[in-house]
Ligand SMILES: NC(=O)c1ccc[n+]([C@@H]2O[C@H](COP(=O)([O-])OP(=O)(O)OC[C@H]3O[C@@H](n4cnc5c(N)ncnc54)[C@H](O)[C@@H]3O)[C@@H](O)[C@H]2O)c1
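Single chain ahead, by itself, as structure tokens, in the form predicted alone.
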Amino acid sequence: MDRIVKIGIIGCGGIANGKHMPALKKIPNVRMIAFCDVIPERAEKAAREYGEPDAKVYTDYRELLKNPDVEVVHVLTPNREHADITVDALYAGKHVMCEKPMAKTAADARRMVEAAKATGKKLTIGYQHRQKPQSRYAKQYIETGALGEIYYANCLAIRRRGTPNWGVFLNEEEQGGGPIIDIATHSLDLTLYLMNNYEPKMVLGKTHKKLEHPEAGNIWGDNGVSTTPLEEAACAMIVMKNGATILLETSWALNTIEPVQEGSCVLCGSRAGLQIKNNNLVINRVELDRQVKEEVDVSAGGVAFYDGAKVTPAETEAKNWIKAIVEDTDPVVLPEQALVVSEILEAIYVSSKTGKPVVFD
């Protein structure tokens, strides 16, 4: 990890400032040398706060891609722009970290995968919930065979009243959807990753927009929530080719008393089960003819996956991404895996619109 990695940031808005740039700043061998945003003041501010003294500022990402010193690009723009910028960056010879979801459409996501294969450059997607200590322990536990065959799962991304109303979150053209593409994408990625199952057979889904006053009680206030055309909630049944089933539930606004659940899932196997709900990991099994439930304490040190309580999933994601570049290994999130997530999410929207299941080849 001693080799210096020089990074260009494309999109200097909320996710850049809230996640990527602070995490990258903590990695000793990372240098952020270029910043691009359509609003020049945002790029200039990012350069001052996170960049090298001679960092360059751009308003056109194509100009940033011409910078020969940039080895890696982080694409942190609205969803609609992910594919075009990522493809251009890959063909410009850059490795790419693209924020989730992979793209607005599955077709765009496929273009990204094809570009990565054609150029031989690394591409990963920002699914940082895989990097939570709970998720990392669960992955190792599952790989011991303790759960047996995982044949049933519940994928959860639920907010009671939490519709984001800043930036372009409520802009269907820019984002492509509501909670399905915003927060269910994280939970579905985590579920498929833990199951190690990326072969969907059929998806039946339904979106909902029913609340009379969706702005009431919204934790971030109204600011357009009442008029957004995007779904407030959705549910789906996903059948995998090996017969496993996944029930997906998601909402920005829903009359439920359940606490917020994001990056959460329940996995049921032939030998045991587990659930990750926010920051809790609970394993269940039958032992000595008794039902046993135990919560795993991932705050204790002394295990290989543990990075310390003060290390966030975003920081772990950034560290592992840079390590993959320096050591020339696969990133934690493979683009082919993220493509399947996008294909399933799109199938939920299509199924809801047509009233029919979407069948995969």
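The structure displayed is predicted, hence computed values, not measured ones. Residues carry their position along the shown sequence, with the first being 1.
This next part talks about the form predicted together with this ligand, which is not shown.
Output flag, 7, 71 and 74 jointly within 4.5 Å of this ligand in the predicted complex, heavy atom basis: No, the candidate spot makes no contact with this ligand.
Interface segment, criterion being heavy atoms within 4.5 Å of this ligand in the predicted complex, picked from 139-147, 270-278, 165-173, 246-254: Among the listed stretches, the partner-contacting one is 165-173.
In the predicted complex, the one of 203, 225, 153, 85 near this ligand [non-hydrogen atom within 4.5 angstroms]: It is 85 that has a heavy atom within 4.5 Å of the partner.
The single option of 38, 326, 311, 292 touching this ligand in the predicted complex, heavy atom within 4.5 Å: By the 4.5 Å heavy-atom cutoff, the listed residue in contact is 38.
Contact of residue 340 with this ligand in the predicted complex (heavy atom, 4.5 Å): So residue 340 does not count as contacting this ligand.
Exercise: residue 126 in contact with this ligand in the predicted complex, heavy atom 4.5 Å: Yes, residue 126 lies within 4.5 Å of this ligand in the predicted complex.
is_contact(residue 79, this ligand) in the predicted complex, heavy atom dist at most 4.5 Å: It does: once this ligand is placed as it appears in the predicted complex, residue 79 has a heavy atom within 4.5 Å of it.
In the predicted complex, residue 104 touching this ligand (heavy atom, 4.5 Å): No, residue 104 stays farther than 4.5 Å from this ligand in the predicted complex.
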